[in-house]
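Consider the single chain below, provided in structure tokens and representing the form predicted on its own.
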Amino acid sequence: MKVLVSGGAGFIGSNVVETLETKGAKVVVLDDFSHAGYKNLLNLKAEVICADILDRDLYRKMPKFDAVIHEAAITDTTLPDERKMVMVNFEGFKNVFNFCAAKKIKLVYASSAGVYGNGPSPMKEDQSLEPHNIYAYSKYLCDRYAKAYALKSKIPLVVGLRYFNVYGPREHHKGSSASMIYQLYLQMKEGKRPRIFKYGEQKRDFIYVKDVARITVDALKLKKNAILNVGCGAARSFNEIISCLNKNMGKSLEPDYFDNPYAGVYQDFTCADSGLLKKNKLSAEFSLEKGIEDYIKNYLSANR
């Protein structure tokens, strides 16, 4: 099987590449390296095409693929340039979608739990969508486009995956957009009290990137189009994260609480309804405790 992974040098994308390669797939990475880290691809065999997903001429030059996994996107939710966010995330998605339609190629693409906003939880795929920022809105547009055109196109499979809060190896290049788990780890590594919004009881459905990559690759085996939540189905607080980090780092640092500057556009609680995911015989295997333990022991402490 030959698979194109757009955004393959990024956080989730590079983990998807590694998972595909362990399954014997031949992988081609498409990335312009504007939001990526070249170190993510070290020790991987994938061919690399350095190009922009907005370049329509690019797709006429592409070789034949059995499937496309689309991970390329701007993921910084604080980006002030709304036009750039929508151009890259939505117009770029349409280019990839239309390429798959023209070539009759399976497509699995990254959506986001951000489309739910502060809607009711556990969040179900068919509930009303209330994106609270331009990043979430760009993903909302992708889902809407996929729903409208998937059945009309010649794509044999279109699967959108609404990732919840992903953390794990290969996110180091993301800076302030990296997971809170990684950012809190860096603070605590320096002996600093971990800073979180008052009073640490905000909850998220945190999912380890190893689970996300495996589910993303396995989604290529689905028999019909779908949009699925990709989460653990359990909401955990930031206080619990700090407790897990303290345990695995041998520390006892207390949280440093401060006011939330993003009130009104911040998701205070996210939890995936994982029923549809499980119905498709997909599910997360790592709990928060096991994920953080693996992350620290096998990656962060090993400086990988």
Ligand SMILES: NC(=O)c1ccc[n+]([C@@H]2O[C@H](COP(=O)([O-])OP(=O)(O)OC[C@H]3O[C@@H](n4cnc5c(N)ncnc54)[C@H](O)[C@@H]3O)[C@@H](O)[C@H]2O)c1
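This is a predicted model, so every value here is computed, not measured. We number the residues from 1 along the sequence you see.
Absent from the display: the form predicted in complex with the ligand. The rest refers to it.
>> Can you tell me which of 269 to 277, 239 to 247, 256 to 264, 66 to 74 lies within 4.5 Å of the ligand in the predicted complex, counting heavy atoms only?
In response: Contact criterion met by 66 to 74 only.
query: Heavy atom within 4.5 Å of the ligand in the predicted complex: which of Phe97, Tyr185, Tyr208, Tyr135?
result: That would be Tyr135.
Which residue, Leu220, Val88, Ile215, Cys232, is the contact with the ligand in the predicted complex, using a 4.5 Å heavy atom cutoff?
Flagged contact: Val88.
Indicate whether Ala9 is a 4.5 Å heavy atom neighbour of the ligand in the predicted complex. Taking the distances in the predicted complex, the answer for Ala9 is yes, it comes within 4.5 Å of the ligand.
Even though the partner isn't displayed, in the predicted complex is Ala110 close enough to the ligand, meaning a heavy atom within 4.5 Å?
Heavy-atom contact with the ligand at 4.5 Å: present for Ala110.
Just to confirm, Val27 within 4.5 Å of the ligand in the predicted complex by heavy atoms? Outside the cut-off, so no.
**Asked** Can you check whether Val48 is within 4.5 Å of the ligand in the predicted complex, heavy atom basis?
**Response** Output for Val48 is no: heavy atoms all beyond 4.5 Å of the ligand.
field: Leu141, Tyr145 and Val159 all contacting the ligand in the predicted complex, non-hydrogen atom within 4.5 Å
entry: Spot residues vs the ligand: no contact at all.
Worksheet item: in the predicted complex, which residues of 163 to 202 put a heavy atom within 4.5 Å of the ligand?
Response: Residues within 4.5 Å: Tyr163, Phe164, Asn165, Val166, His173, Lys174.
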